[in-house]
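Taking the form predicted alone, here's one chain by itself in structure tokens.
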């Protein structure tokens, strides 16, 4: 990989900014000042430093965002609403995108990455990756809904996968899904004449917000990334 491309992909700056940093003798390759922005390096073996700070190469980035209301789960503005990528602008260089969607008025756990293959697998129903939502509706929930959700609900002439509904108060419930159809949670409740007042995703796979404030994010630990990859290594027995 070219040195300038490596530095850009590591978030040091734009191509123009990186070339200036190299010209200003601030980049070291294997402890030697390097002035050649086109130098081919081994991003995994060569030691690259910006002044005294070593730069470690990452092919993929994984961020866990606590999505607030008023943002679209997209990389582009939609109407008056800004994309969630505005909340992680430090990683604009990596072209991260949201894994799945939360509606503009929905909140909670949103994984963001630039690993398209893993993102696709995590969203595929065949891997049964749990997504848990805390839902508030407009009138008291009936116990009969639990069995209806377990059976699956017809949306757009298609039966959803079985879902788990746990009623935690007269107006609130936890819903666990293994898929993510368009506006699925809201439409499932609407089938029984309930309007969803608020929707907050509290868990994606094993990931929870755990102290991340609304509108803030953190990078995933290496152990978490490996665990996500493991989830997609084997199909569930039902899908073999």
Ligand code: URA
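Just so it is clear, the model here is predicted, and its values are computed rather than measured. Residue numbers count along the first chain shown, from 1.
Keep in mind the form predicted in complex with the named molecule is missing from the figure; the text below concerns it.
The stretch among 210 to 218, 24 to 32, 184 to 192, 46 to 54 whose residues place heavy atoms within 4.5 Å of the named molecule in the predicted complex is 184 to 192. Interface residue among 113, 160, 85, 106, judged by heavy atoms within 4.5 Å of the named molecule in the predicted complex: 106. Contact annotation: of the candidates 122, 153, 137, 102, the single residue with a non-hydrogen atom within 4.5 angstroms of the named molecule in the predicted complex is 102.
In the predicted complex, the named molecule sits beyond 4.5 Å of every heavy atom of residue 149. In the predicted complex, the named molecule lies within 4.5 Å of some heavy atom of residue 199. Residue contact with the named molecule in the predicted complex: residue 133 places a heavy atom within 4.5 Å of it.
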